[in-house]
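We've got the same protein chain twice here, in two forms, each standing alone as structure tokens: structure 1 and structure 2.
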Structure 1
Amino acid sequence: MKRILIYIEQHHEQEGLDLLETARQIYQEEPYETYALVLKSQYDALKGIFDVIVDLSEECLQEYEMRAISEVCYQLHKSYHFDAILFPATSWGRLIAPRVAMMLDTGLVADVTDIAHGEHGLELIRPAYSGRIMASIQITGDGPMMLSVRPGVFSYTQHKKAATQIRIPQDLRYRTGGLKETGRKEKHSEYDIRESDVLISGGGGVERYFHELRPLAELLGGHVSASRAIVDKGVADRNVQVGQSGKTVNPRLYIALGINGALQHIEGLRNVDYIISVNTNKYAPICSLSDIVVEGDAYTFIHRLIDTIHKEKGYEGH
């Protein structure tokens, strides 16, 4: 029976659960056992789903103590001999996984977005060159195989009922110190674009009036997102960035205003039902992916569409 260790990042339990779908696609019909590694004991969402929860809460480790966490992973592997170790490709996951891979002398594939079983066997697929090419990668050597997996691309929907064992490892040896958090300012994000059904998204073309997108988003029951062009300029917050270097989103409707649609942006549009793009260049790459292309200026589009919606609503009200 194969054994898979999945690292659960604090406050990102869903990303950890979604890695069960990655594991299922890797091992398909082969039997396997799933182990969740948790730093703090808030894991109700994982109970009944994972076979084993390895609870490290007694160790009081902080998520930034990467050296200690990787030393723990190393020791767990020495006792359980995992076949695969999966991390969510979150900020911490992407910093811890490479250390673990080096300690285990094994191959690690970063930011996996797809699994394929090709002629060479298992292939892990990831974007490279800012999303311009997709690379299929195999892990060579004796393993275990290690992956960091891009959040938002695999989705675990089954509700397997497993009798979950909780294990508290004893006699762990690791080193802490040398690094400490001295302050933390929470960002207050009103919404998560990954959960939005409707996204009104702005790019370089709306730099001067990005704030005008919000009323349209509210009218359509959605939220505002942005492309890298406008985030890099500091106009929009990185929290709402769609694309390879931002988030992968799955809205039903995506309205792209002044977005060119470089591959790195399109990489973030996973399962979008409808795309409307508004662009002064009707040959911009995003236009060929759109259901409707509005050739013209986004400012005019926003105001005319808002007026039309109000007017039509007004008629219906009478």
Structure 2
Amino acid sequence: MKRILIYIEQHHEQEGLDLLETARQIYQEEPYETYALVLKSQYDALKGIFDVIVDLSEECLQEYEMRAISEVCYQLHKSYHFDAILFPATSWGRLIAPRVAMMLDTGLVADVTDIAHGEHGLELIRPAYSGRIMASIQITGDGPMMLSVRPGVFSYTQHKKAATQIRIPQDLRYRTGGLKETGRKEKHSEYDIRESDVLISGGGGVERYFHELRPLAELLGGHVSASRAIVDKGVADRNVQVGQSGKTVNPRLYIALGINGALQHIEGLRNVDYIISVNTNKYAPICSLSDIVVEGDAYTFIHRLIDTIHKEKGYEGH
């Protein structure tokens, strides 16, 4: 039976859970066991989901001690002989995964966004050349197979009930890096676009009036997002960027205003229920994916839609 180790990062437990869907798509109907490596996280929510929880809560390890965590992963592999090791492509996951791969003398496919089974076997798909193309990586060799997966591209739904075992490793040897946390300042963000049910997204066509998107988003109970074209010009923050070099989102409604929709942007849209595109070019790539295409000026569309919503809300009071 295959064995899979999944790293559960503190404060990013959901991203770790979603890696179970990655594992399911890799092995499909083939039997496998899942091991969750837990550092400081509360793992009660993982019981009944993972087959084994490797509990490191008693170890004096912090999430930022990349060298020590890498050495722990190496030792666990030597004990359990995993067939695959999965990391979320978070800030820390992207730093730990390559260190483990080097220790194990194996390859790493970073920032995976899709899984495919072609005529030559398993293929891991990821953006390459700054997101200009999609690369399909075939897995060869003895492994273990190692990959980091971009958050938001896979979504876990429980498929089975597991009789979870809790294991506490003994005699682990690792070197801490001499790092000490002297303070912490959380980066303030009003919202996370990955959690939004409605997104009003602006591209290069609305650069001059990007600020006009917020009133519409508020009326629809949603948030504002942006394409890379807007972010690179400093009009919008990078934390609201949708696409391969931004975030992957799956809202119920996505209104794309003045967005061309090149491959890099479209790859950031997963399982969107309804897409409305407003563009002066009805042949823009994103229009072929849209449920409704409005050919015209996005500025006019925004204000006419706001006026219509205001009128509808006014009628409700009578």
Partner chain sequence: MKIICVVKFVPDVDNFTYDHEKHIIIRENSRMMVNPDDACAIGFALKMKQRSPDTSIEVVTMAPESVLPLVEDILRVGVDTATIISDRLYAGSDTYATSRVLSRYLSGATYDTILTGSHAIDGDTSHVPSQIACLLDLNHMSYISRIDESSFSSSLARFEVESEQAVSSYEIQMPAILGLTRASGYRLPYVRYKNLNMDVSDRVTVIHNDVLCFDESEVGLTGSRTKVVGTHVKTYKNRSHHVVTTDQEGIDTVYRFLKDKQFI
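Reference numbering: structure 1, starting with residue 1. Only the largest set of C-alpha atoms that superpose within 1.5 Å between the two forms is called the rigid core. Since the structure is predicted, the reported quantities are computational estimates derived from the model, not experimental observations.
Between the two chain copies, the one drawn from the form predicted on its own is structure 2. The rigid-core alignment places the CA of residue 92 less than 2 Å apart between the two structures.
After superposition on the rigid core, the Cα atom of residue 205 is displaced by 2 Å or more between the two structures. After superposition on the rigid core, the Cα of residue 21 moves by less than 2 Å between the two structures. When the rigid core is fitted, residue 230 shows a C-alpha shift of 4.4 Å between the two structures. In the rigid-core superposition between the two structures, residue position residue 308 carries a C-alpha shift of 3.3 Å.
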